[in-house]
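The form predicted alone is given below as one chain in C-alpha cells.
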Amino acid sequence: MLHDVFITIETAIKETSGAADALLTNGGEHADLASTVAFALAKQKKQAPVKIAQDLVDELKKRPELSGMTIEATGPYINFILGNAYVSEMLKAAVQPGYGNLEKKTTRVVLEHTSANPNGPLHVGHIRNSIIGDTLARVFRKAGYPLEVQYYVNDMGRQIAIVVWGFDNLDSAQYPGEKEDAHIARVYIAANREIEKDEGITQQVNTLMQLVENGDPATVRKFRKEVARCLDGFRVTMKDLNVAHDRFVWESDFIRNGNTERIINKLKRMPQAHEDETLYLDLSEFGFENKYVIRRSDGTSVYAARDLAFHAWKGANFDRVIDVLGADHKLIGAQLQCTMKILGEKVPEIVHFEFVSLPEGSMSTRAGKFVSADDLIAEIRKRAFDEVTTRRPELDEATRRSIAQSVGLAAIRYDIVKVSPEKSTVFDWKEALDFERQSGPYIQYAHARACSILEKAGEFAECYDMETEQEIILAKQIAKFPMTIEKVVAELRPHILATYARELADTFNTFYHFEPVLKSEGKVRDRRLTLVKAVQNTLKESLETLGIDAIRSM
C-alpha cells in the first residue's frame, strides 16, 4: 500500500518537475513522505529552492491521482501527508494473514551464510553470521523471491587435515555425552598443541592435504567422516537458534567434478595470470598489492580456486548470488569479486559483518578460547526461565519452560541482528537478557499484550476509520511494514527490520497508554480493537520474519 503510494507520488514529481530523481523519502515528524527535489533543480532553473518547491506544490495539487492527501511546501521541502482513505485501506490489508508478503518474483536467489570451518562448535562470533543470514533469507522469502540457502562446507582445508591427523595420532576417544562438534574441537586444539611442539607434524598434515585432493579413497573417507560429525553438531545448534539451510555444498565436490580444474585452466589464459612456483593472479591494476594465489607449488589448489569454482556454479544456476562473510574476509571477498568480473562470471554481492567479541577479547577455536553457541543458548534459557518464573509464578513448569525457550531465542537473535552488520559489538549478558526496551522479549511482550486485549474483547465489528492523533500515528507505523521488507532486500541490512519492529512496539505502547481500548464504547471501541488486531498481526509477521516466536502469553 505505502509502496504504491510512494510510486504514485514519485512519478508525479518526476513528470511535473522534469527531474530524473524525485528525491522522495520518509517525512520524519512533519510528514509521511517528503521530497528535496527543489534543491536539485535550483541550479538548473536559477531560482531559489523555496520558490521552486511552492510552484511544484501548486502543480502537484492539480493532479487527480494525488487527491485525498495534503501537499504543502515547508521552505524548500515538499511534504505529503496521507489522508484517511489511505489509512483505512492500509488497515484492511494489515489485519489479513501474511500481511507484508510482496508479489511473487521470478529472480532466483542463492544466499550462503554461516559456512564455519567444521573444526569445533559454533561460537558467539559465528552465530552473528548465521542470524544475519537467516534473517535475510526470511525477508527474501517474504518479499516473494524463490530462494535457496546454502552452507559451503570446507572439507579440504588445513584445519580439517589437522583434525584428521589428531584422530589418527592422538588419544581421541569421545567422552560420554560429548557433542560431536565439541569432540572435534577438543582433538583439533590438542593437535595444534602438538604441532607447536614438533614442526615435523606440519609435513604430515601437508601430505594429508595432497592425498585428499588427489582423491585417495581412505583419506577422503577420513575427512568426510569427521566433517560430517561436526556438521551434525552444527545442525543441533542451528535448530536451537531457529536457523535453517536448504543445502550443504561440499568444497571437495568441485575437485571431484572437474570444476576447479576448469576454472584454473581458464584463469591461466588471463593476462593477469603468472606462474613461477605457484599459479597466481596479479590484480595490482585493480588496487590489490598481494598475489592472489590459485595453486600451490606442490600442485594442489588453494581455497580461492575452489571458491571461484563454487561461485561460477552458483552464478550459472541463480540470478542473484549473495554471501554473508565476516570482516576478516573483506580482502578475500574483494579479490573474489574482482576475479569473477574479469572471468566474465556473475559477481556475488557480499554482506560483510564485524564480529561479536567477548569483554575479555576475541575468540579463537585453535586456542580453545571461545564461548560456544551451545553454552550461550543454555545460559540464556536458564536466565529466561528464572525471569519468567518471577513474572508468572502461577504457571506450571512446562509452560514456563516453553515461554523461556521462546524468550531466550528472542534475546539472542534480536540482540545480534539489531546492530547494523558493519558495526562491531561486544556480547554482554545483561544487554542480551534485557527484557525491557531494545530487546526481542520487549517486542514479544507487546505482541502478547495485543493478543490479551483481543482475547478479553471477544467479538467486535471491524472499523477502519481512525480519528485521533494516536490512532493515526499507529496506523501509519503499521503501513510501513511492507516497504521495510523491500528496503531490507534492496540494502541487505536486516537490522532495518529489527528497528522497525521495536519502533512499532514503542508506538503501540504509547497508543495503549493514551487511548483506552477495552473501556471505550461503540464505534470508538470497534476501531481501536481493529487497530490492535492490525498491530498484533504486524508484530507477528515482523517477529516471525526475524526468526523469533510470536508467543501469545508471557
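These figures come from a predicted structure and were not determined experimentally. A residue's number is simply how far along the shown sequence it sits, counting from 1. Here the rigid core means the biggest group of C-alpha atoms that line up within 1.5 Å when the two forms are laid on top of each other.
There is another form of this protein, the form predicted together with the RNA, and it is not shown here; the text below is about that form.
For the marked spot (Glu387, Glu436 and Ser553), a heavy atom within 4.5 Å of the RNA in the model of the complex is present in each of the three residues. Proximity of Val57 to the RNA in the model of the complex falls outside the 4.5 Å heavy atom cutoff. By the criterion of a heavy atom within 4.5 Å, Glu515 is counted among the residues contacting the RNA in the model of the complex. Interface residue remark: Tyr303 is counted as part of the site for the RNA in the model of the complex, having a heavy atom within 4.5 Å. In the model of the complex, none of the heavy atoms of Lys46 sits within 4.5 Å of a heavy atom of the RNA. Distance criterion of 4.5 Å from any heavy atom to the RNA in the model of the complex singles out His329 from the list Arg401, Arg141, Arg235, His329. Of the residues Glu354, Glu178, Asp319, Glu261, just one reaches the RNA in the model of the complex with a heavy atom at 4.5 Å or closer; this is Glu354. Residues placing heavy atoms within 4.5 Å of the RNA in the model of the complex fall in a single listed stretch, namely 158-166, out of 158-166, 143-151, 85-93, 241-249.
If you take 440-463 and check each residue for a heavy atom within 4.5 Å of the RNA in the model of the complex, you get Pro441, Tyr442, Tyr445, Ala448, Arg449, Ser452, Ile453, Lys456, in sequence order. Core-superposed comparison between this form and the one not shown: the C-alpha position of Leu33 differs by no less than 2 Å. Ala53 shows a C-alpha shift of 2 Å or greater between this form and the one not shown [criterion: core-superposed Cα displacement of 2 Å]. Here Ala42 counts as shifted, since its C-alpha moves by at least 2 Å between this form and the one not shown after the core is aligned.
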